[in-house]
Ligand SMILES: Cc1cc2nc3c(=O)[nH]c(=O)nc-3n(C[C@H](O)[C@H](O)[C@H](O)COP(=O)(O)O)c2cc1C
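Listed next as structure tokens is one chain, alone, in the form predicted on its own.
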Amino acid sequence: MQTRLTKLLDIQYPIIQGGMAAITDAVIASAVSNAGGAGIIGSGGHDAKWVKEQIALARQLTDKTFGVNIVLAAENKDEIIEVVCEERPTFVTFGAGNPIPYIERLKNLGIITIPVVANLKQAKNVEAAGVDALVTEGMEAGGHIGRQTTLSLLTNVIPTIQIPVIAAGGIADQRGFKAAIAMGAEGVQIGSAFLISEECPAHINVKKKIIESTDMDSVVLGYTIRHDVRGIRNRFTDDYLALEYSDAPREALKGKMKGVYNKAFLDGDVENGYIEVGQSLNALTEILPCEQIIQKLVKRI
């Protein structure tokens, strides 16, 4: 299946693996790339040395395209960007910040730039800055989210933007993949389906909890303070939401999210940690290798 995205990245299928913090290393990235998609090393939660090591490892594990996700809200973002400029992976994706100041430098080094956006204004701004493609991520996605749905984002963005648009947010099976392509997207970015892959280093308790969960277990924390984060309902989220929608001052929420991501994904505490995962939970039913996940997405397309 050929689209402008497959041509841009020289990949077989128009599928990018989301760069999830702490749990998308060279092993999962290379597995996705070897299966015909484009894997991503997630720099979030790591230092520059780790990113450099993972890029080197990925090059040992695959001769295919792979990228690096840069979290622009991270304090060490400049160190990460220095490593990316030195190592020159095929592409980078950006999240949680303004990528425009970095675009020219990366492009001059031959690195393909693909920021994640949450509305049409952002899409227009990054297109004007010269990025190669962009990801529109709807609020159905796991983790930090915007306030438009995937469908409305594609409706609003695609007619106006000339560069390739990649759909993200709640796309977890072949139906979602087909729908995004039918809307005019040149590909999809998928996180949650790969989160429960065999190659993903997320704690097994997290994978089992995701598989056990249904659509009614998806919750959003921080809506009232415009710091929306989607994940799975548990003891921690019940306590957080009770506080958020109480008469307590908003300052009472400060620091409540600190450390809960790693407590779930690394330590395996699925009641007191926070499992950030997308809304299409009913489609996430089994742990499979990345190759099988991709084949199920593209079968008969």
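Counting begins at 1, following the sequence as shown. These numbers come from a predicted model, not from an experiment.
There is another form of the same protein, the form predicted in complex with the named molecule; it is not shown, and what comes next is about it.
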*residue 21 near the named molecule in the model of the complex, any heavy atom under 4.5 Å?*
yes
*Is residue 113 close to the named molecule in the model of the complex, meaning a heavy atom pair under 4.5 Å apart or at it?*
no
*Heavy atom to heavy atom, is residue 95 within 4.5 Å of the named molecule in the model of the complex?*
yes
*Report whether the minimum heavy atom distance between residue 187 and the named molecule in the model of the complex is within 4.5 Å.*
no
*the named molecule isn't shown here, but in the model of the complex, which of 87-95, 126-134, 157-165, 217-225 has heavy atoms within 4.5 Å of it?*
87-95
*Work out which of 196, 83, 71, 103 lies within 4.5 Å of the named molecule in the model of the complex, going by heavy atoms.*
71
*Which of these residues, 293, 15, 9, 277, gets a heavy atom within 4.5 Å of the named molecule in the model of the complex?*
277
_Within 4.5 Å of the named molecule in the model of the complex, all of 39, 66 and 173 (non-hydrogen atom)_ = no
*the named molecule in the model of the complex - contacting residues of 197-228, heavy atom within 4.5 Å*: none
